[in-house]
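In structure tokens, one chain follows: the form predicted alone.
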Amino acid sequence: MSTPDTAGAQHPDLTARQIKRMKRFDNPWRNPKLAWGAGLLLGIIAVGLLGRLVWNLDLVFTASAPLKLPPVGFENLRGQAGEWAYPLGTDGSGRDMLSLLIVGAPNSLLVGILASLIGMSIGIFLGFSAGFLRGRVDDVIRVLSDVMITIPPLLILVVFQAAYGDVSLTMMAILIACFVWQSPTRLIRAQVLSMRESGYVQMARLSGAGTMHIMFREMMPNLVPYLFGSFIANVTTSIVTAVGLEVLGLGPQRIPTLGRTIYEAINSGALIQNLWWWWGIPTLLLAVMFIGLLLINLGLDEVSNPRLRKL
């Protein structure tokens, strides 16, 4: 890590402010976009974990509250004011909206992260195999990837879920993972094909290093920034796919998620009955989640690519 003096000596044309700003990127977590994005997602997870300790989550499954009660500070069309016992209001079944969000938001994030982890694992294995072994292995993986890209994932998932009915969060994540491994596979294949001809890999090969050593000790560290970026992009894609399925009435039927809450609101006519909190608050929470993922991706780009840093 460079000091201000050494940084100034290396870049004499920069001002002190620009040198200070450049040093901020030496520590990735001092990147504002990365820090804000991670903070938003960790905040959602923290609220979910703490909420399970301090809030009565039985209100997710019991319909004991007044129906369609608005959030505190608002009135519904019948003149009912919000109550502090249900600060974000209730849905058409008398379930507490805050409880639904405390349980549903982490569940939606969990599906995205789990699907992306599975997809990345498949992509790393296939990408390395294709780029390192080349030949027929590369041809088969490339054709398989091209075929999967041409298949509309939402249509296949709709057919599968319509056939099997209710599914768990894990099963839904596995289904979505089947359609998010192609991008990391192609990315890693391209990078491995480029790296295998580089000088340090040739030196490792000449020194007698084995295939596994070259793949995971020489190449993998240089792929980490690309893997993080691809992982975050896949989390976003997985969440969008999961919410799309849930809004269509598919996905887990008895497990609260943000998409499921929006589906129930639409199905009950909340849009035309001006019950905005029923669908609006889950949608806003989804937007916050996507903004957090976008900021993380932008921050990772700046950390891994110095040309994107604005000094």
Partner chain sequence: MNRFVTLFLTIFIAATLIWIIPRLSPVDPAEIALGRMAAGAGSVANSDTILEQLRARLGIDQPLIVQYARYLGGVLRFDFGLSTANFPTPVSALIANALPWTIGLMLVSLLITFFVGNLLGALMVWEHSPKLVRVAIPAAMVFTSIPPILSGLLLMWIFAARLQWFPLTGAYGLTVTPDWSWSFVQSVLYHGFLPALSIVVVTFGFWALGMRGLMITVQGEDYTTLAKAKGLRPRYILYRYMIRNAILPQITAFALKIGLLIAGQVLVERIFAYNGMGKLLYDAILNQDFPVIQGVSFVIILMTALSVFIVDLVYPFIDPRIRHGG
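Numbering follows the first chain given and starts at 1. From a predicted model like this one, the values you see are computed outputs, not experimental measurements.
Not on display, but discussed next: the form predicted together with its partner chain.
Contact annotation: Met171 falls outside 4.5 Å of its partner chain in the model of the complex, judged by heavy atom distances. Though the partner is left out of this view, Asp166 does not reach within 4.5 Å of its partner chain in the model of the complex, counting heavy atoms only. Put simply, Gly135 is far from its partner chain in the model of the complex: not one heavy atom of it is within 4.5 Å. Its partner chain in the model of the complex is not approached by Gly199, whose heavy atoms all lie more than 4.5 angstroms from it. Listed stretches are 141-149, 108-116, 189-197, 206-214; the contact stretch with its partner chain in the model of the complex is 141-149, by a heavy atom cutoff of 4.5 Å. Between its partner chain and the residues Leu227, Ile122, Val158, Ala233, the one pair within 4.5 Å by heavy atoms in the model of the complex involves Val158. Among Gly51, Gly39, Pro66, Gly244, the residue placing a heavy atom within 4.5 Å of its partner chain in the model of the complex is Gly244. Although the partner is absent from the chain shown here, none of Val47, Leu57 and Leu98 has a heavy atom within 4.5 Å of its partner chain in the model of the complex. Of all the residues from 269-301, those having a non-hydrogen atom no more than 4.5 Å from its partner chain in the model of the complex are Leu271, Ile272, Asn274, Trp276, Trp279, Thr283, Leu286, Ala287, Phe290, Ile291, Leu294, Leu298.
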